[in-house]
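Okay, so here's just one chain, in structure tokens, the form predicted alone.
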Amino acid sequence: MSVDFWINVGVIAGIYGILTLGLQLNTGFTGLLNFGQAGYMAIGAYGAGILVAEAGFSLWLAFSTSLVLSAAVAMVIGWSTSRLGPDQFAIVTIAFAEIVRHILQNTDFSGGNQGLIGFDVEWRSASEWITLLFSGIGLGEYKQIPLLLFVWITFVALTGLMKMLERTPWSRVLRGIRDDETAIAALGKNTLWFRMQSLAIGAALAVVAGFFIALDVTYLYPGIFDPTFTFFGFVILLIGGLGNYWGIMLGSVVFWTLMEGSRLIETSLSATEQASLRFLVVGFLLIVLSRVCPHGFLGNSRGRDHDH
């Protein structure tokens, strides 16, 4: 496989890692089993795309607007599901993501199944300029390097930011909600408000991932944001370990190296059979991994009570 292939694997690993930071906050620290991240990603990606292509916004202003929009939607979801148990909440979030995807698939403003293009002109100009800089050191032929750098600088910065938040009293309240919400409420904390904040930040992280996926594929269509996106995020979470933001980085690299590296397996099978074989091989390796390392590579094996 070419260098371009592995650069693209790095881009995808970084994007999924950013998405999974939100899952870590919601699931690993707040105890909210959120399966709706793909929906927030879609809102972010399409919001930015439509505002640029149809309303003439700059790319960065459109991104900021989508960030606020998606966070607001997440808070509404958090408020409207406040009386639901964990299982019902998880089902509602799946339904939310599917509703978003089907709306995008069947409406004119999103382009329907024909998709949306023409939103990434500013990024392509910036990318070409960065590529010219890299041509001075012999890397000008790799067109995805600017996006790779942009994605991973953002991923590392956001991971560091989440680690800083982890040390705050705010994060301790979230962990308290995860372990015993009734006890935290008895201490006078508005647990609904904290849950809504966790969901809003998780959604904002999903928007960042959605923004990057839009720049990567350069063409938005609803099929990109199917539930698989979120489930891959949970696999990364399990590999890296619950309750550890840096573990996501390792989990994402391991998962996408397995997923894309399995393309190198040469067989006489058809393309469809080969794709199925890849999932079988990766699934088997993940089962072995979960057996050997049940808390993930960097997860907390000492129990939740000791992760403060």
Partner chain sequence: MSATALAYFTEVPKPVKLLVSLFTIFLCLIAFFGTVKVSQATINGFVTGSYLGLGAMGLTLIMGVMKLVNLAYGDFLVAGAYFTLTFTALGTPLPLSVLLATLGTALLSILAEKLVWLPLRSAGASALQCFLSAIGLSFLIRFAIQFFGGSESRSFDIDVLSTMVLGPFRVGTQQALGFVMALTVFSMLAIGLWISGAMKTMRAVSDNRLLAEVCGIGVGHTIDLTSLLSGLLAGAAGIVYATAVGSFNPNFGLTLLLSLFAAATLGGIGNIYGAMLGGLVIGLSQEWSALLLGAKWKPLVALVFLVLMLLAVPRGIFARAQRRP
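Residue numbers count along the first chain shown, from 1. Throughout, rigid core stands for the largest set of C-alpha atoms superposing within 1.5 Å between the two forms. Just so it is clear, the model here is predicted, and its values are computed rather than measured.
There is another form of this protein, the form predicted together with the partner chain, and it is not shown here; the text below is about that form.
Peer 1: Closest heavy atom of Ile91 to the partner chain in the predicted complex, within 4.5 Å or not?
Peer 2: Heavy-atom contact with the partner chain at 4.5 Å: present for Ile91.
Peer 1: Does Met75 reach the partner chain in the predicted complex if we count a contact as any heavy atom within 4.5 Å?
Peer 2: Judged by the heavy-atom cut-off of 4.5 Å, Met75 is well away from the partner chain in the predicted complex.
Peer 1: At the 4.5 Å heavy atom threshold, is Val254 in contact with the partner chain in the predicted complex?
Peer 2: Result no; Val254 lies far from the partner chain in the predicted complex.
Peer 1: Gly56: heavy atom within 4.5 Å of the partner chain in the predicted complex?
Peer 2: No, no contact at 4.5 Å.
Peer 1: Of these, Leu84, Leu139, Ala186, Val217, which has a heavy atom no more than 4.5 Å from the partner chain in the predicted complex?
Peer 2: None of the others qualify; the residue that does is Leu84.
Peer 1: Looking at Ser80, Asn113, Asn190, Ser135, which has any heavy atom no more than 4.5 Å from the partner chain in the predicted complex?
Peer 2: When the partner chain is considered in the predicted complex, the option within 4.5 Å is Ser80.
Peer 1: Check Leu242, Leu280 and Phe284: does every one of them have a heavy atom within 4.5 Å of the partner chain in the predicted complex?
Peer 2: Affirmative, all three are within 4.5 Å.
Peer 1: When the partner chain is placed as it is in the predicted complex, which of 231 to 239, 197 to 205, 142 to 150, 171 to 179 ends up with heavy atoms within 4.5 Å of it?
Peer 2: Of the stretches listed, the one contacting the partner is 231 to 239.
Peer 1: Can you list, in sequence order, the residues from 87 to 116 that come within 4.5 Å of the partner chain in the predicted complex, counting heavy atoms only?
Peer 2: Counting only heavy atoms within 4.5 Å of the partner chain in the predicted complex, the contacting residues of 87 to 116 are Asp87, Gln88, Ala90, Ile91, Val92, Ile94, Ala95, Glu98, Ile99, His102, Ile103, Asn106, Thr107.
Peer 1: Spell out whether the Cα of Leu280 moves at least 2 Å between the shown form and the other one when the two forms are superposed on their rigid core.
Peer 2: Leu280: C-alpha displaced by 2 Å or more between the shown form and the other one.
Peer 1: Following rigid core alignment, is the displacement of the Leu289 C-alpha between the shown form and the other one equal to or greater than 2 angstroms?
Peer 2: Comparing forms between the shown form and the other one, the Leu289 CA shifts at least 2 Å.
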